[in-house]
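The data below hold one chain only, encoded as structure tokens and taken in the form predicted alone.
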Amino acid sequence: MKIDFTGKRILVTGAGKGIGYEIVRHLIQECNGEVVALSRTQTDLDALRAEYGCECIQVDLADVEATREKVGAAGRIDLLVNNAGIAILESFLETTTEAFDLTMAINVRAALIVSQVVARGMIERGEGAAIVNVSSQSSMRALSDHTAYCASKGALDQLTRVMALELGKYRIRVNSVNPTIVMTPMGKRAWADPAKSGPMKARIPLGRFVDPHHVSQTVAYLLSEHAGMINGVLLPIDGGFLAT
């Protein structure tokens, strides 16, 4: 199945590292897309520009007005990937309001703000479009010390469903991907200890964690016309974890 985004401008948030970086690479190198990469960190954007020649936006998504201004100034966006996210690990009793509010701001509110700006342009052009939100299996399963993170991903899933419901009449499809642990450099460091990773991996029928390219391939599919009747779906990328 060949996915070709030639002539399509695709905005990817949280593009500087991990899953976002792989999504950018995949959409450019394997799908011929024109990616607009958004990140808070200028050095990460410089690296992306040097390697892939993509257009870049530097902004802190916690800043609502700056986000609206810079995304609006990006011009035509045909497809959108809301990938930006943070995880502040605290137990339920120790979760601070500051950590909770920041997690919600980046993981949920930013997807709302960016999608509102981009969707208005999509509606004006009337050509149909697609949006993918990068969620997590933690929206459906509780994880210790992930109070704010789990809550934010549950909220993002419901945002996905409402967006799919209300934007469908404009032929704008909205779906989410919900991976289990992804073996980004950060993921590898966090789960390198077999005593920690072993019990988690044992709950996955396929017996392994997710590689970033599993996510990027799924995102590309959901953005493409091959998924033309898929809308409002929360798609696990978890090797069967949620089936157990």
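Rigid core (definition): largest C-alpha set, two forms, superposition within 1.5 Å. So that there is no doubt, residue numbering starts at 1 and follows the sequence shown. The structure presented is a predicted model; accordingly, all values stated were derived computationally and were not measured.
Below: the form predicted in complex with a small molecule, not depicted.
- The partner is not drawn, yet in the predicted bound form one stretch among 162-170, 82-90, 112-120, 68-76 has residues with heavy atoms inside 4.5 Å of the small molecule: 82-90.
- In the predicted bound form, the small molecule sits within 4.5 Å of a heavy atom belonging to R40.
- Within this chain, E51 is remote from the site of the small molecule in the predicted bound form, having no heavy atom within 4.5 Å.
- In the predicted bound form, the small molecule stays beyond 4.5 Å of every heavy atom belonging to G207.
- Residue contact with the small molecule in the predicted bound form: G33 places no heavy atom within 4.5 Å of it.
- Residue-level contacts in the predicted bound form: of A47, C56, I28, I181, one residue has a heavy atom within 4.5 Å of the small molecule, and it is I181.
- Highlighted residues G20, A62 and S136: every one comes within 4.5 Å of the small molecule in the predicted bound form, counting any heavy atom.
- The Cα shift for A192 between the shown form and the other one, taken after rigid core superposition, is 2 angstroms or larger.
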